[in-house]
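Have a look below at one chain only, the form predicted alone, in structure tokens format.
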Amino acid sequence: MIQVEHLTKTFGSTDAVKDLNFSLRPGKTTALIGPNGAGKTTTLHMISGLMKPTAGKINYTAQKEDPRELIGFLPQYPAFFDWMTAEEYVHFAAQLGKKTKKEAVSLSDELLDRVGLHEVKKKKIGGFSGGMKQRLGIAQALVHRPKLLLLDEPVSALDPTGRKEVMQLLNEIKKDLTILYSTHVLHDAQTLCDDVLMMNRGKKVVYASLEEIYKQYDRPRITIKTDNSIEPWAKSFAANYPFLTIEVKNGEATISGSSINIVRQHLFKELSSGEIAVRSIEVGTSTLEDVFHEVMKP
């Protein structure tokens, strides 16, 4: 869909984005992940055309005189006219996108129905919840039928209900679009995305499919919960098996190693000979959050 080559944005003496290279796979959803100040929003603004790069280039596979015709964009804090109705706002956005009045009416009905706002299309935006406003923002981003949808933290300011609504909507529309969205909610990224682009201090740290990331950073682990204090046992276990990693947090112990069989073998042997009241044992592997913390280490 697009290819980013050596993209750089400098503010004074600070490189907000530095020598960034990646390509978006058509029809796939990519999560843009990184700590605050990583350069995520700056990257989205350059791709959308809202900000001019200091260096580098962005190549779009579809040939358009103005590449912005290919792009729909929802900023982190979208601005609405509260005195407008949802219908009026989408009409307005459509006409800004050079649609005729007839096209604007048709598109408004179609998109408000698609984002679940058809029944409130005559209501003023000022009375909308956060989740409703985000869904309306997605409708305006889709109104000119873009090929690429850019979303900047689409659920960060929402309560659990609003977040669920917007995530369900994104899961539905991802079938028809290439999506690049930034997020701090790693569980949502793990659920929704096909690819992951991790940034830190303006640079690319990891860019691969979710499947490839799990293969590369797979860390088999077993988590134990007990009815009594687990800290003394965990210290003893760590001393006896230094080639395994054990972490104690919130009264539970997580043991990890290069092979789940090795972890299981030594753990069960230790548990069977010890006096520890086990409440539960859970076997798993690394999550996207685990990978994030590992690659972001200084």
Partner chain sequence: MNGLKILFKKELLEMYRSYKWVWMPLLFISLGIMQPLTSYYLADIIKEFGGLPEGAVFETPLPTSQQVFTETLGQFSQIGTLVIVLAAMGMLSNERNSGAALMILVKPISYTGYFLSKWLAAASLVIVSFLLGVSCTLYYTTLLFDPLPVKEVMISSGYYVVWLLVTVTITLTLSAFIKKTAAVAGASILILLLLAVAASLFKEPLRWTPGNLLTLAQQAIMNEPLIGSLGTLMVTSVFIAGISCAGIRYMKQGEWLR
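Positions refer to the first chain, counted from 1. Computed from a predicted structure; not experimentally measured.
Absent from the display: the form predicted together with its partner chain. The rest refers to it.
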item: Stretch in contact, per heavy atom within 4.5 angstroms of its partner chain in the model of the complex, of 103-111, 184-192, 203-211, 88-96; value: 88-96
item: 4.5 angstroms heavy atom contact with its partner chain in the model of the complex for K9; value: yes
item: Touches its partner chain in the model of the complex: E231 (any heavy atom, 4.5 Å); value: no
item: Contact label in the model of the complex: E252 to its partner chain, heavy atom within 4.5 Å; value: no
item: E247 within 4.5 Å of its partner chain in the model of the complex, heavy atoms; value: no
item: Contact at L50, P78 and M84 by its partner chain in the model of the complex, all three, heavy atom at most 4.5 Å; value: yes
item: Contact residue in the model of the complex, chosen from R163, R219, K174, H144 - any heavy atom within 4.5 Å of its partner chain; value: H144
item: Interface residues of 233-253 toward its partner chain, as seen in the model of the complex [heavy atoms, 4.5 Å]; value: none
